[in-house]
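Only one chain is given next, in structure tokens, and it is the form predicted on its own.
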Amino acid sequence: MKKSKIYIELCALVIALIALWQAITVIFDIPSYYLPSPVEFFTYFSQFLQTGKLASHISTTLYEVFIGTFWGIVVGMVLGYFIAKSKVLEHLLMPLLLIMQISPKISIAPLFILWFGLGLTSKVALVILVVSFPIMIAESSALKKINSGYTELMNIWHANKWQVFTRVELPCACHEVISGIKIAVTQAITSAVIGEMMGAKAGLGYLLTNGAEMYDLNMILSSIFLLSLLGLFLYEICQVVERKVLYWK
């Protein structure tokens, strides 16, 4: 009941914003090339969908995000585990990883395009770079906070490192890792779009750049609209996974 109420309130808010948008374009007589009305935008959007061209751009961005996020999670968890277990690795790797994260992704993207080309590889590599960091930080922080009594008990039972990881460390770190994944998913979309805007043959970021070059505001708004929906969709997937995995919360 509570969730349905939230959805009703969200729908009401969206409808109110669309009505306000329509009113602004009519009252102030704003030209469509400056700000199209909702009617003009959704007419363009539906026609664009019917051409079938939009589906290929959506699938390209989704592929980059899903593949990059998957390998970003793997890399982040591996790095997070070893950094939590080794002070030497933490002191060696953390400054380098921090520098790579602090650097604007728009400045790193051209390097990846030069190294990996205009295809999917450069965008996936950029997504992996962005996704792995919050997961690494979340896991290493969670592993350091585990009560040493748990691991000592496992040692008494002569458990190997894999058993300690799967029976104690992973369950204890699971909540923070999933929280890191929820942050990483939104950043994955941003990094994939940045890579596409810097150089690509397809994708929603490519559409954004193409729309800007042709002064096609409807194309730009269509890309933004789809990226917002994509972000909400992926975040909701993370929410569902979190409820299934952390069923006791």
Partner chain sequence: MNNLKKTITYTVISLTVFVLVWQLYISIFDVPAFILPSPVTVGKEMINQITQVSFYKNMLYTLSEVLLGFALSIVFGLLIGYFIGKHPHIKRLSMPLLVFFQVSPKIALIPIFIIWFGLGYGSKLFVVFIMSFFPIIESILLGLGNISKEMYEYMKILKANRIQILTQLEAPCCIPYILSSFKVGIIQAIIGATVAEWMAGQLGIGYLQSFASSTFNSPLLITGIAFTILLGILLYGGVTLLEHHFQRYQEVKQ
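So that the term is clear: the rigid core is the largest set of C-alpha atoms that superpose within 1.5 Å between two forms. Residue numbers count along the first chain shown, from 1. The structure displayed is predicted, hence computed values, not measured ones.
A second form of this protein, the form predicted together with the partner chain, is not displayed here; the remarks below concern that form.
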{"property": "Partner-facing stretch of 188-196, 51-59, 66-74, 38-46, counted where any non-hydrogen atom is within 4.5 angstroms of the partner chain in the model of the complex", "result": "188-196"}
{"property": "Non-hydrogen atom within 4.5 Å of the partner chain in the model of the complex for each of Leu10, Leu217 and Ser228", "result": "yes"}
{"property": "Touches the partner chain in the model of the complex: Ser103 (any heavy atom, 4.5 Å)", "result": "yes"}
{"property": "Tyr34: touches the partner chain in the model of the complex, heavy atom cutoff 4.5 angstroms", "result": "yes"}
{"property": "Close approach of Gly119 to the partner chain in the model of the complex, 4.5 Å, heavy atom", "result": "no"}
{"property": "Partner contact for Leu111 in the model of the complex: the partner chain, 4.5 angstroms, heavy atom", "result": "yes"}
{"property": "After fitting the core, Asn210 CA displacement of 2 Å or more between the shown form and the other one", "result": "no"}
{"property": "Flag for Val78, CA shift 2 Å or larger between the shown form and the other one after aligning core", "result": "no"}
{"property": "Gln187: Cα shift of 2 Å or greater between the shown form and the other one (core-aligned)", "result": "no"}
{"property": "Cα-Cα trend for Ala184 and Leu13, given that in the model of the complex the distance shifts by 3 Å or more", "result": "farther"}
{"property": "Comparison of CA distance in the model of the complex with shown form for Val75, Ile106, at least 3 Å", "result": "closer"}
